[in-house]
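To begin, one chain is listed below as structure tokens, in the form predicted on its own.
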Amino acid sequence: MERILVVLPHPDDECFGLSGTLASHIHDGAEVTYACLTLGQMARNMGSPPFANRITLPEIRTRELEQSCHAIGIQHLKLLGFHDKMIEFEDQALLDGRIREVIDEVQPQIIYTFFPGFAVHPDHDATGAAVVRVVGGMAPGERPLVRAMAFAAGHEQAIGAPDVQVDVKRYIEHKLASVRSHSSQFHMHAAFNSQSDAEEIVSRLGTERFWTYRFA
């Protein structure tokens, strides 16, 4: 059985760029573990109209992430308890140690994360950098593949074209359900529920792209 590990900093990081690919892996029999570093408690969106506040948001976002995992089919969810918007400032040994513990437990063949330096948000870049440090510290023969998401301006000029492109049209309903799960963060329900926009939705969301990280 193929074992997949997802290491991302926020609830909702999985939904747009990765959920279809994960649903595809699971359909093919893979076991997926999602290690989410934070509860996204510093997010500014509180729903539209607002139904959360700074106090209730962590619990709400945890439930939304659980619903998203259920929609995708993810079997295992681990909440690592780091602070939102603080990943770049976390104790590096502590952060790397927790990620290494999860890798040792899951023994994944593939890890999905963000491409450090090309993922826009500081937490995204810091999470990807931590995964690369940890996997890079493993013996070459023991390293899982690291597939990274990138979307910063000019990223293809810097790191080239993605070497993995996954057609996820077959899993578009899983993906839309994942997006809808995060209702405190996304306010595009009308568009995502409109059948008239189905072709545009499939066109926009039907392919997911990854870069396999090349270790020196």
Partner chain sequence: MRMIEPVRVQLLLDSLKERELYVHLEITNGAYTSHHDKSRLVAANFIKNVPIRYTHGSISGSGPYRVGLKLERGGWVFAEGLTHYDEHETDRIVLEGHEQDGKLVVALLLGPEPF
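Source: prediction; values computed, not measured. Residue numbers count along the first chain shown, from 1.
The following text describes the form predicted in complex with its partner chain, which does not appear among the structures shown.
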| query | finding |
| --- | --- |
| Proximity of residue 50 to its partner chain in the predicted bound form, heavy atoms at 4.5 Å | yes |
| Any non-hydrogen atom of residue 100 within 4.5 angstroms of its partner chain in the predicted bound form | no |
| Residue contact check: residue 83 to its partner chain in the predicted bound form, 4.5 Å heavy atom | yes |
| Contact of residue 120 with its partner chain in the predicted bound form (heavy atom, 4.5 Å) | yes |
| Option from 145 to 153, 162 to 170, 24 to 32, 60 to 68 whose residues, in the predicted bound form, bring a heavy atom within 4.5 Å of its partner chain | 145 to 153 |
